[in-house]
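For reference, the chain that follows is the form predicted on its own, supplied as structure tokens.
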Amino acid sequence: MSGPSTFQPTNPAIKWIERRLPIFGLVHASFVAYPTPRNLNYFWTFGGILSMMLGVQIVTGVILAMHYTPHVDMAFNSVESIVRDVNYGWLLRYLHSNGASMFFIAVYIHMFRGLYYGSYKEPREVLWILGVIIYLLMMATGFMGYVLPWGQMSFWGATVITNLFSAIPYVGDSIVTLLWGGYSVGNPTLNRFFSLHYLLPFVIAGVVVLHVWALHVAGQNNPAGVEPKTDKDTVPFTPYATIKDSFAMVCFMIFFAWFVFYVPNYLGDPDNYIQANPGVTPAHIVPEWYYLPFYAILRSIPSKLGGVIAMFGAIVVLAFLPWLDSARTRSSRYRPLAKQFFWIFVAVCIVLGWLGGKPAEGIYVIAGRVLTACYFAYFLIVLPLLSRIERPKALPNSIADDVLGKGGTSRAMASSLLALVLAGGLIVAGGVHSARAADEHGGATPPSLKWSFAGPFGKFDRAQLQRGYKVYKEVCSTCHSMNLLHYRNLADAGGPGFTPAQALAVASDTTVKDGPNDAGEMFDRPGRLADPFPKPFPNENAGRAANGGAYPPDLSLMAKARNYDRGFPQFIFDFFTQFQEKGPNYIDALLQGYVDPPPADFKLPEGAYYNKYYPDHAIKMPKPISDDQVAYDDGTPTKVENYAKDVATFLMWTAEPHLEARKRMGLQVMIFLVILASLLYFTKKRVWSAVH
């Protein structure tokens, strides 16, 4: 508990400020001399980690907002323009998108710690309730931010989730209309969500200040669950907690950096690299992984209104936890039955998350209903009952006694819970990817090939990129656009290796309609470096008419917009091996997957072609490439397998033009963070040696 400030400044300027606004004394009392229980384990560092992540999200979000255009016709391309054209825009984008997942990973660990150690009990009820409010604000902010890229899953996720409010009697339809700004998700919706997504992080920051204030009034809980009695039970916040929190933050930053620099799309949805299309509904609409347990609860209730009430009730019930659990013993370390039921509850949450990523059918619905009942039973039945019948173990007399007698119990529990939460998150995300991939790509699993750009040190093969561009230009560009590419990009670092003169020569081979001139007339001119790649059709209707009614998709992001299921637990292994070549594998397999004639037992629709890797195997596009179709200048055999791999590599570059710069910076950041973590660890050991 914070006491009166003992800060006595000696600098005249600081003295002058302190007499009029005692801000330095407040900081000293709250973050320097603040007495901290000496037995806190690393779970207590997640409060500092969350503060760091909130800062990261606000800073990156403000900068991204400077370049973002909240309009349905431009939002998708503006996000990609940030990644491609803004200096280090790719870094800002990946920090912000992956930062949301890191924020929720940290907050779930923070919440599970509070549940396990009873941090919601008297006198910390207001502290806990403020934490629940922060969590609700985080969920709202994250949902609105997910809509802003205006990809397929963004659009349809917004449509489904906002429609839930229509279940509210009498006023539901009015609320939905207000959220939409009309009668469907559209431009007013995007503008509303952008405004609120920009505003809410600052509201969260304000509630965090109240949360910290309440913490300093009530004092910190600790693993033993006993209050400090003497000075021997506490240590000053600085340097003890400061150095410990700093070490934990850097360790978390290493984990964060792994995602940002090596697997930036690991937790994302490939459908969000397809521009929103109200006319095409994804086969499997699910929210981001951190909402999935509550999404499973929503779907488990047959009634729409009942599902909405259950989903929000699953969060609101947390606020009543201080009164539902009336046991006097705080920490589950001394409550054997409570400890067992806690781990069962953690397992229930993880499995609910996994079920949230599965189709709402069959055994998944039944399991969801059973686990939803278990979720609410834990709060409404188990905890109230345990507080009356359980006999806890004897508590230590003081925090100092707990430090001397606990051994490695807290460290073992902390590491086991942390490992379980992280593994559970990967399992949940893996279930989502499996479900989406299974729905979208019902064909055979593409073989995994070796790519030059794979792994932490991977780079594009320049000759392969140039061959891939030639295949695209002579074959693919007759039907498929490349809206995000300009001729100048051919000379960019990390790309095909064209010189500016070569790129200009390529651009000059095209004729561009420009104008109007001074006379008000349109005219033709040779292409320039600043020109985008030309479109094969003047409009979508012309493209459909030339392709049997199917409009050929844009290929700029195709390598990131396609996915397939590699199975569990391969998904978890992919995190450690940095596997992110599903798109190129799929493109290569698709181009070689045509079978003529089709299998005898397969009924091929009229005007379609059989492809064993395409969903449902019936594809409108005829076989695009054949042997000896494109002449290579470097002597590479002109075979379909070479064409397919070369153009897949080129499409990986068009989708991820800063891949090499990202991995190069990632190595530098990782080396720096590992060295910094090592220095902080040994500093922490030295600082704490006198206490332990």
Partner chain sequence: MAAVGAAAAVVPLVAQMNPDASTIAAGAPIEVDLTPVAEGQDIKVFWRGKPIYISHRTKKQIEDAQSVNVSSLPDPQPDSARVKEGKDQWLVVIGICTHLGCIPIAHEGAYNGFFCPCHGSVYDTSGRIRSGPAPLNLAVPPYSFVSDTKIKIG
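Numbering follows the first chain given and starts at 1. None of these values were measured; they are calculated from a predicted model.
There is another form of the same protein, the form predicted in complex with its partner chain; it is not shown, and what comes next is about it.
Peer 1: 85-93, 529-537, 178-186, 558-566: which one contacts its partner chain in the model of the complex at 4.5 Å, heavy atom to heavy atom?
Peer 2: It is the stretch 178-186.
Peer 1: Looking at its partner chain in the model of the complex, do all three of 281, 285 and 298 come within 4.5 Å of it through at least one heavy atom?
Peer 2: Yes, each of 281, 285 and 298 comes within 4.5 Å of its partner chain in the model of the complex.
Peer 1: Using heavy atoms only and a 4.5 Å cut-off, determine which of 498, 237, 451, 156 is in contact with its partner chain in the model of the complex.
Peer 2: Exactly one residue meets the criterion: 156.
Peer 1: If the cut-off is 4.5 angstroms on heavy atoms, which of these, 473, 71, 304, 339, is the one near its partner chain in the model of the complex?
Peer 2: Looking at the other structure, the residue within range turns out to be 304.
Peer 1: State yes or no: in the model of the complex, is some non-hydrogen atom of residue 620 no more than 4.5 angstroms from a non-hydrogen atom of its partner chain?
Peer 2: Residue-level check for residue 620: no, no contact with its partner chain.
Peer 1: So in the model of the complex, is its partner chain close enough to residue 160 to count as touching (4.5 Å, heavy atoms)?
Peer 2: Residue-level check for residue 160: yes, a contact with its partner chain.
Peer 1: Using the partner position in the model of the complex, report whether residue 192 sits within 4.5 Å of its partner chain, counting heavy atoms only.
Peer 2: Yes - in the model of the complex, heavy atoms of residue 192 and its partner chain come within 4.5 Å of each other.
Peer 1: Going by a heavy atom distance of 4.5 Å, is residue 164 a contact of its partner chain in the model of the complex?
Peer 2: Residue 164: yes, in contact with its partner chain in the model of the complex.
Peer 1: Give, in sequence order, every residue of 472-504 that has a heavy atom within 4.5 Å of its partner chain in the model of the complex, or say none if there are no such residues.
Peer 2: Not one residue comes within 4.5 Å of the partner.
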